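Given next, in structure tokens, is a single chain: the form predicted on its own.
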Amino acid sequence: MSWRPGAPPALLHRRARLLSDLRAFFARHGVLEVETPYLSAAGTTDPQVGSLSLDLPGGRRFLHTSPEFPMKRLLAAGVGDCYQMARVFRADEAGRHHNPEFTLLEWYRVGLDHHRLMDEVEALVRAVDHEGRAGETRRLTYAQALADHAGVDAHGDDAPALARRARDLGLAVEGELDRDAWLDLLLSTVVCPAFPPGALTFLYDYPASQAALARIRPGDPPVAERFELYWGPLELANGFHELGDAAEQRRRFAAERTVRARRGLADVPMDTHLLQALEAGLPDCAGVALGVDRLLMALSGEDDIRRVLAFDAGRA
């Protein structure tokens, strides 16, 4: 009966309590709740993320995939520490752990780096974990996790070496992938499934080629100051020591648009408002996006996102 909600009433009540607990956590820490537009003249240029768009009388508008860009504009304007509980939209995302429309908690802390923000992310998860479901906390560098669980050098192995190792591990892939795509495949299919069930695993210091919106720390090798949090094998959060260099951000946007064109993906305009905000000056800060629906899955022991949504895409 498709008219009925996918989540039972008890989980809908639990969802409401979770939202209340999250807001209470930020109230205790003096972090301001903000709201930004869901529709924007620019979308994400990330070739791994699909934007949904609408044609309105004023022109084409994109449903945001994250509130990150307008929140950074608020930071540049001097708002300070802030968070948002936003409905976000991503094309071509549906399945046991994905829904095209979902709830994302995003927050920014001025003066923190990605290590100190990991501390706060763990504190938040444990503050809302009233039943004590979360186990130990583990912190691994990206390179250590790939070495331990996949037997590869995430910073040194080239694409052919990664391809050979993937096939040795039984991964059947048609065609050739680039180096980062092989790393992503090994991470999602070999590394993450090996994480201890119930453990909170932070991966940090990603390859510089996967910096996204994070700063790159020089060294041998250089690394991106970003992290991801997993509860067991389930990804919950993605955080950055935020890039504040407008010229570098413009270069990354342009590079992503080039990749989109090469793959035959729709072009997406870069967010010039964000670039102007970065030029005005973004304070040194770290930010993170956490999937609220997935957090509720982990807290309630569910393994399908449709069980924690009132109406998933198939019932909407």
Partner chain sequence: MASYSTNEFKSGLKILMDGDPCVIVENEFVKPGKGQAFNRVKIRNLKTGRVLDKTFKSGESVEAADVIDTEMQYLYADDEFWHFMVPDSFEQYAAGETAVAEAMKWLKEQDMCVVTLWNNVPLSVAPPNFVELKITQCDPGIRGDTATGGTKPATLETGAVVKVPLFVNEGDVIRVDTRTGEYVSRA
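Residue numbers count along the first chain shown, from 1. In this text the structure is predicted, and so the values were computed from the model without any measurement.
What comes next is about the form predicted in complex with its partner chain, which is not displayed.
Based on heavy atom distances of at most 4.5 Å to its partner chain in the predicted bound form, which listed stretch, 112-120, 125-133, 196-204, 95-103, is the contact stretch?
That would be 95-103.
Within 4.5 Å of its partner chain in the predicted bound form, heavy atoms considered, which of Leu74, Ile216, Ala145, Leu185?
If I apply the 4.5 Å criterion carefully, the residue I get is Leu185.
Sole residue of Ala181, Ala161, Leu234, Val79 within 4.5 Å of its partner chain in the predicted bound form, by heavy atom
Answer to the contact question: Ala181.
Taking its partner chain as it sits in the predicted bound form, is Thr258 in contact with it (heavy atom to heavy atom, 4.5 Å or less)?
Heavy-atom contact with its partner chain at 4.5 Å: absent for Thr258.
Heavy atoms within 4.5 Å of its partner chain in the predicted bound form: does Ala246 have any?
Answer no; every heavy atom of Ala246 is more than 4.5 Å from its partner chain in the predicted bound form.
Do Trp107 and its partner chain share at least one heavy atom pair within 4.5 Å in the predicted bound form?
Result no; Trp107 lies far from its partner chain in the predicted bound form.
Would you classify Leu177 as touching its partner chain in the predicted bound form, given a 4.5 Å non-hydrogen atom cut-off?
Close contact exists here: in the predicted bound form, Leu177 approaches its partner chain to within 4.5 Å, heavy atoms only.
Each of Arg90, Ala172 and Asn238 near its partner chain in the predicted bound form, meaning some heavy atom within 4.5 Å?
Spot residues vs its partner chain: full contact, yes.
Taking heavy atoms and a 4.5 Å limit, what residues of 206-226 are near its partner chain in the predicted bound form?
Read in sequence order, the residues that approach its partner chain (within 4.5 Å, in the predicted bound form) are Ala212, Arg226.
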